[in-house]
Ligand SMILES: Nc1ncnc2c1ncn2[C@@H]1O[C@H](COP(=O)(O)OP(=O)(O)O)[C@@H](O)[C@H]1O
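Read the single chain below, which is given as structure tokens and is the form predicted on its own.
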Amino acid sequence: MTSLRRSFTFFGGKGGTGKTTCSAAYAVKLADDGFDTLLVSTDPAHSLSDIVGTGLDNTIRPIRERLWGIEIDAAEESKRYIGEIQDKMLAIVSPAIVEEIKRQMEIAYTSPGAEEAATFDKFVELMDMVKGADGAKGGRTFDSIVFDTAPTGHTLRLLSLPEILGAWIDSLIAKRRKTLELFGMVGKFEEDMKKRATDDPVIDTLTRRQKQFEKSREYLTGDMSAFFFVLNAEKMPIMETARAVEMLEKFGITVGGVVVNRVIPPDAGEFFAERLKDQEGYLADIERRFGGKNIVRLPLLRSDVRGMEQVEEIAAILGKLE
């Protein structure tokens, strides 16, 4: 099982296909094989707690031996993220506009993209906890992190942030430095403001973000990471997965394979006869589209996943992922 050597493994796909179950099962497999593993949910509609039978929240909590879990609270992370920006802004602005800055920060907190930016910061913070990662310099560390991601569109936006915003951050830093140069040329510019601008927290913040993007790009596009899509043998999930695979590969993120979930067994009975015919065609389409990647099939279970015993059964099958 060569995938065990990866530091970061992602499970994603269309909503309702079984991403959470697969990510939990894979994390259990890693832990059972002796790897200290962190299971992370970035899906706003968290369901990891239900699967693993342990109450999870925005802090890392133990699930079982060698396995820990966390459900990222996007709203909480966004509040903390905006608060940090506000504190830095208030350190350099004139007291006359403090209230206006606070009002703008309140607007920013509810603006589109704020939660994704904050989630991304938490995302990289957790990735730094892997042994051998750039940021793993003490504190708790793990051998591997397994991510249970949000439905495809949300995940693609999150993973594409380093590529999309990297150049934008570079531009902001350049403009900020130009502004400070102009301030220095204005004789009447307040001495206090000049002093604050010398050690500019805005540039510090932008530079930190720039380094975060560079680091995450290294994590996501190197040999440390792989993304697995979970889909059902149906038309819409296949098409959505094909588009997502194309986009991730465009950004240099390795797609390790696909997990075809809820495959109806051949002896399912006459009631499923028509569905079996359709499934045969869809499975052939999956082989055609993704044949160059690892494909694992999970059978349709007689009931919903209701505990760790069933998760471990699925983990044994997912051990075939490479």
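Note that the structure is predicted; figures quoted are calculated from it, not measured. We number the residues from 1 along the sequence you see.
The protein also exists as the form predicted in complex with this ligand; that form is not presented, and the subsequent description refers to it.
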request  = Check whether Thr21 has any heavy atom within 4.5 Å of a heavy atom of this ligand in the model of the complex, and answer yes or no.
outcome  = yes
ask   = Is there a non-hydrogen atom of Arg262 within 4.5 angstroms of a non-hydrogen atom of this ligand in the model of the complex?
value = yes
query = Is there a non-hydrogen atom of Met308 within 4.5 angstroms of a non-hydrogen atom of this ligand in the model of the complex?
reply = no
4.5 Å heavy atom contact, Thr17 to this ligand in the model of the complex = yes
ask   = Looking at this ligand in the model of the complex, is some heavy atom of each of Ser47, Leu301 and Asp304 within 4.5 Å of it?
value = yes
Region of this chain that lies against this ligand in the model of the complex, out of 293 to 301, 276 to 284, 55 to 63, 31 to 39 [heavy atom, 4.5 Å] = 293 to 301
